[in-house]
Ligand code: RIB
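Presented below, as C-alpha cells, is a lone chain in the form predicted alone.
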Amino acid sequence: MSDKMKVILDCDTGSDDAVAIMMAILSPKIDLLGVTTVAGNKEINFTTDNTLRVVDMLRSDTPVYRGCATSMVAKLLPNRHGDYTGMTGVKADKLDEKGEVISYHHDCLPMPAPVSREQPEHGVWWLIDTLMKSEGDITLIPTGPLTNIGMALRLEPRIAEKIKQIIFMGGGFKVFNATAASEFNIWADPEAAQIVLTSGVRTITMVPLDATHQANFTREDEAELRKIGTPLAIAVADLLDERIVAYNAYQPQDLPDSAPLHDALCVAYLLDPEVLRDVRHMRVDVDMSGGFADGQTICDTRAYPDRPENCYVALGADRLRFSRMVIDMIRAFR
C-alpha cells in the first residue's frame, strides 16, 4: 500500500501553475491522480494545452481533464466587471527589450507542443466520480479560479466529506491585485469561492498574496537554474525571467528584481508545512455584491466571529526554504 499523499491539482495553467504541476509530479511524496483545468490566467484551450506541455516535458502519464470554460455566475452580468480583465496595470503599450508585449502569462508556455491528449471526460464529472469512490484521502490543490471545485460541490455536495483537505491559492488579507479589494482567482469567480469556503470540507487552507509575495524568486535563483542547464531548468528559468520582467513593469515587489510563484507555494506547503508562516484559523467569506469589494476575501479576525472559523489563512512564508525546495527538485530531474 502506497504511503504517498493522493493529490488532485486544479489549474489555470500559466507560468506559476506550471511549477506547481512540476513539483507535484516530481515529488516522491505525492501520488498525482490527475490535473483538471479551468479558465483563468488564459482561456481554457490554452490552460489545457499548457498543462499537457508540462506533463509531457516531465515524461509523465498524469491524466489531464478539461474543466469549466467560464465562471459560474459573474460573467452572466455584463456590467459586473465592465471592461476590466482583472490584470492590474496590464496594457499592450509596455514592451520588453525584444519589442514584445510584457505579460505575466503568454498564451503558450515556452515548452514543446504537447503530444499527449486530454482525457475525454469533463473535469468536473471526473472530480465527483474520483472523490466519491475515494476513502477520504485526497487533497485538492486549486491554483486558479475555484469554478470546477464549486461546480462539483453544487452537483454533488457529498464530496465535501470525501475531501481530506483543500489548499488553494487565492485571496488577500491586506495584499490585492485584481482590484483595490480583491485577488484575481477569487475575483474571477466569487460565487465558486464562497461555495468552497462554506462547503464543510474539514480543512481548508488559503494561501493568499500576503504569503506568496513573501516567497519571491530572484534573478539569482534564475541564474542558478540556468547553471543546472537541463531543458526543465532552462524552461523554468525562462518562466522566471518572464515573470520578473512583468512584475517589475506592473507590480514592483519589495524585493527588487523578483517575482512570486504563487501557485507552487501551495504544493510546497503540502510537502513542508514550515514553508508557510503565521497561519491563522479564522472565518473567511467572499463578497459577491458586484460593488467595489466584489471578490474580496473577508477575513474575520475578531475573537468572537459571527460564524465559525472555516479556513486557515497564511500571512507569511519562508522564501529561502521555498526556493531551495523548488530548485533542488528541478536539479534532481534528468
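We number the residues from 1 along the sequence you see. Predicted, not measured: the structure shown is a model, and the values here were computed from it.
The same protein also has a form predicted together with alpha-D-ribofuranose, omitted here; what follows describes it.
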Candidate spot D17, M169 and L209, all three in 4.5 Å heavy atom range of alpha-D-ribofuranose in the model of the complex? yes
Note: exactly one of S134, Q253, N177, Q165 sits with a heavy atom within 4.5 Å of alpha-D-ribofuranose in the model of the complex, namely N177
Which of 120-128, 183-191, 228-236, 146-154 sits within 4.5 Å of alpha-D-ribofuranose in the model of the complex, heavy atom basis: 183-191
Closest heavy atom of N41 to alpha-D-ribofuranose in the model of the complex, within 4.5 Å or not? yes
Determine the residues of 246-267 with a heavy atom within 4.5 Å of alpha-D-ribofuranose in the model of the complex and present them in sequence order; the list may be empty. H262, D263
